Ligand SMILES: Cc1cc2nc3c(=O)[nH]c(=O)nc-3n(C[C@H](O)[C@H](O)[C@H](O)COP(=O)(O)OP(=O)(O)OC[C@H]3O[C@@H](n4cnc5c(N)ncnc54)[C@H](O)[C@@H]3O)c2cc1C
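Next up is one chain by itself, shown in structure tokens, the form predicted on its own.
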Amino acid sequence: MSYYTAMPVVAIIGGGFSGAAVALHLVENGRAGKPARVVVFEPRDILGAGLAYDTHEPAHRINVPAARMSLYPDDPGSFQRWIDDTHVLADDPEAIMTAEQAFPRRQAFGTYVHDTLAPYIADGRIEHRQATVVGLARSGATWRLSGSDGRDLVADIVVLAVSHPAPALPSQLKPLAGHPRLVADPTARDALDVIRADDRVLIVGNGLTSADVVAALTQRGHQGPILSVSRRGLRSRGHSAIAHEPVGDFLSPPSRTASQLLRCIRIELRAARRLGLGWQPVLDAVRAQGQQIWKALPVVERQRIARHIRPFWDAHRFRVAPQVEAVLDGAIEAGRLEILAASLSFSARTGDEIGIGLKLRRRNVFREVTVDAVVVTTGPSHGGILRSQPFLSALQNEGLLAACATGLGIACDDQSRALDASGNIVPALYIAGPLARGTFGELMGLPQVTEHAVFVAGQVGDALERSASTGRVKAGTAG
């Protein structure tokens, strides 16, 4: 039986953007790669696409200009150069809005990430294990990972870069289970194929995914009426016509309460309006300073923001591409799309049709509608992350993982090390990507996710340097 000599193993669970970026920066910063095995567990064919960029819908576009999307925080033009070099927009003329702004299809960005990692995969510095993790257990000073391919891997360090769980079906829609046109997860491949051109469609949720659904249906030739509902009736907003630098200082001094932060933002918005600016530069400043703002807030105030303010933040923070915004505006103007502030009260099946009861916000008014299809776009079930995969549930049951106090992800410290049920550091287990945002705050936009991937790679690199692995790991168990 052959052996791997003393070589530490870093296992990254999840090969979407976060996991791929951690792997890339591990091998590129010179502190891993040849002296360490970097193994990424990802069932998809390529690394880097993940849930966000593994889409073939031509209407799905990145929601920030390409010139601000990059795997490298110190090189924001990396993606744009790749676009220029590959001529990927030759068959997508609608992507180019101005000489300085392009909004390519999301699949293009996933391909860019894959192409950037490809040389390291080819020479073995990054190993793509095309499998899911079905078991993860602490074994002495190491971790044993069991893959869906039947092979185990013994790792010195594990990085959790798992995806958000799928949306949870609202309880009011449970009577529709099994209906052929109930789309519980619109991010699934070809999920919208079941919707016919003239179907009356109800979309539950008004965020980015809702906008994607309207754009994709329109691209497919759908002509039926669409009703999109959420409790507050907030729709995703677009970019300003002219880009401006961020405006506002929210750290001198930082706010200590959610109310104080909201008051500071409103003051800055009024000041920006007097200068003839829109709200976008102010919210850009909040986003750029988001992690420092979050760090200064007590946990109870973070919880208040997650519970009361996050829907408003999401509606302004996550902006739709101009092409998608134009589709939404056109559908509203044509009377095909109605956006309503309402909550679900009931659902029922009558033959092939679906009856929905709605309670309008701020009014004691109920409205009943009949539709042919329902699409759920309420967003990831953040609170259910530790129940979304068996190995995560097992770790939670053992007390080795815990939900963060804000309900936004998995508990970790300010070095992104996982915390157990008692708040103690779990050795050699790191949380990467948006599931760490309960600790770090703003971790949903790509620039911040990239920066966090670099940070986690640095933490793992430091750990590798501090404790060089000794002994041998049998190839039969290392997979």
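Throughout, we count residues from 1 along the sequence that is shown. Because the structure is predicted, anything quoted here is derived from the model rather than measured.
Another form, the form predicted in complex with the ligand, is not on view; read the next lines as being about it.
Among 36, 419, 446, 428, the residue placing a heavy atom within 4.5 Å of the ligand in the predicted bound form is 446. With the partner removed from view, the residue among 343, 132, 259, 86 that has a non-hydrogen atom within 4.5 Å of the ligand in the predicted bound form turns out to be 132. At the 4.5 Å threshold, heavy atoms of residue 176 stay clear of the ligand in the predicted bound form, well away from it. Of the heavy atoms in residue 464, none are within 4.5 Å of the ligand in the predicted bound form. In the predicted bound form, residue 62 approaches the ligand with a heavy atom inside 4.5 Å.
Although the partner is absent here, residue 24 sits far enough away that none of its heavy atoms falls within 4.5 Å of the ligand in the predicted bound form. This chain is displayed without the ligand, yet in the predicted bound form the stretch 154-162 from 403-411, 154-162, 188-196, 87-95 comes within 4.5 Å of it by heavy atoms.
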